[in-house]
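Presented as C-alpha cells, the chain that follows is alone, the form predicted on its own.
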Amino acid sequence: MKQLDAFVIETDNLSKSFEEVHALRAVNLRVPRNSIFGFLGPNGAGKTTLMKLLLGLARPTSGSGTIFGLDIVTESVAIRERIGYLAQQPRFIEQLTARENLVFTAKFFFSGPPAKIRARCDEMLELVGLSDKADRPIKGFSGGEKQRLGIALAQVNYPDLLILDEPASALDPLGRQAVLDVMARLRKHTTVFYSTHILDDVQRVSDTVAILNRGQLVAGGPIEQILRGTEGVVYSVGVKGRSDGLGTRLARLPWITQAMVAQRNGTSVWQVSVSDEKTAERELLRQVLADPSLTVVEFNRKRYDLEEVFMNIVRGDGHDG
C-alpha cells in the first residue's frame, strides 16, 4: 500500500521557470517518513518555489512530484487534506486566547461533541508547551510562543506531513530552542519538512538534509553523511618529536588516501584522510605510536560544522547551468 511507502515526498526532475528565469532545475527529492527533513539554501535558491509546488500553489514547468503517492498537480486537494502548514509569519486572531484560536481552527476539521474538540486542542497545547498560557490572549504572546502556537494549529488535524516555512528564523536563542524541542517531539506523530537558513538548527534537529543552490539540488542525505564533508573521513593527529618519516610510513598504507602536515606551536598536526573507516579506528593510532620517538598529544576524528560544509558546497557550485 502507498501508505507504507518509505518516502512521503518524491520528486522527479521537478522544474519551474518564470520566462527566462529558471527558479528550479530538475530537483529530485526523497523525504523519508517520520523524519525531520531540513531544506536549506541561500536566499533566492528556490526553496519557496519548491514549497509552493508541493502545496499545489504553483504548477511545475516540467517534471513531476508525489506526496503520499498522490500527484502534486492532479491530486493536490487530496494531498492538502493530509498536510499541516505553518507560514513564516503566521497570523492569529489576537483578541482570542490560544485555546480559542485552536478550537476555532479545529472546527474546520472535526465535527462532534465540543468536549472531544476541546480535548484535542488541550493535547496540542501540551505538546507545544503552552498549557499554562492556554487562556491568555494571543496579543500578549512572545514571538516564540506564537510560533509554537502556529505549530499546534498546523498539527491540530493530525496531518501526515507538516510543512514549516522558516519556523524559527525571527526568534531569540531561547525561542528557537523551544521550537526545535517541539519539532523533535513531533517526529513520532508525523513527518516534518521545514525550510531554514539557520544552519545550527538544522544540525541539532534534522535527520535528513537537502541543500538547494541556484535552483539545483547540490547535496542531500542523512545529516551524518552531509557532515562528513567532501573530504570524507579525516583524522587529526598531533605529535611532538621528529615526524619526518611518519608521512612516508602512512603513505604505504592502502586505506590512507592522503596525509598532510602543518606546524602549530611546536606540534606537528597531521590531517589523515582514510578510505576504510573501521580499519582506521583500529590501526591508525597504533601506526603512529609504532615510532617510539613520537609523543601523541592529539588524536581525534575531524567533526565538521554544517556551516563549513554548506559554504564549501555552495561556493563550489559556481556554475549557472
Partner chain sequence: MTANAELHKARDGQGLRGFSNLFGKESRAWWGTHRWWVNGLLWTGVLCGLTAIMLFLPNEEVFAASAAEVALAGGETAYTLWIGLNIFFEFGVSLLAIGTVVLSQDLIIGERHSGVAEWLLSKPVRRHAYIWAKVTANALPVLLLLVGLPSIVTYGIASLRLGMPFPVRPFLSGVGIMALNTWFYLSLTLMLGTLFNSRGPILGVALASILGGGLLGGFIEPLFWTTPWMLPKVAWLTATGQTISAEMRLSALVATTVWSAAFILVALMQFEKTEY
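Numbering follows the first chain given and starts at 1. Computed from a predicted structure; not experimentally measured.
Not pictured, yet referred to below: the form predicted together with the partner chain.
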With the partner chain left out here, work out from 237-245, 192-200, 82-90, 208-216 which stretch has heavy atoms within 4.5 Å of it in the model of the complex.
82-90
Can you confirm whether 6, 308 and 315, the three residues that make up this candidate site, all sit within 4.5 Å of the partner chain in the model of the complex, judged by heavy atoms?
no
Considering 174, 170, 184, 119, which brings a non-hydrogen atom within 4.5 Å of the partner chain in the model of the complex?
119
Taking any heavy atom pair closer than or equal to 4.5 Å as contact, tell me whether residue 141 reaches the partner chain in the model of the complex.
no
Would you check, heavy atoms only and a 4.5 Å threshold, whether residue 113 touches the partner chain in the model of the complex?
yes
Is residue 224 near the partner chain? Define near as a heavy atom within 4.5 Å, in the model of the complex.
no
Residue-level question: is residue 56 within 4.5 Å of the partner chain in the model of the complex, judged on heavy atoms?
yes
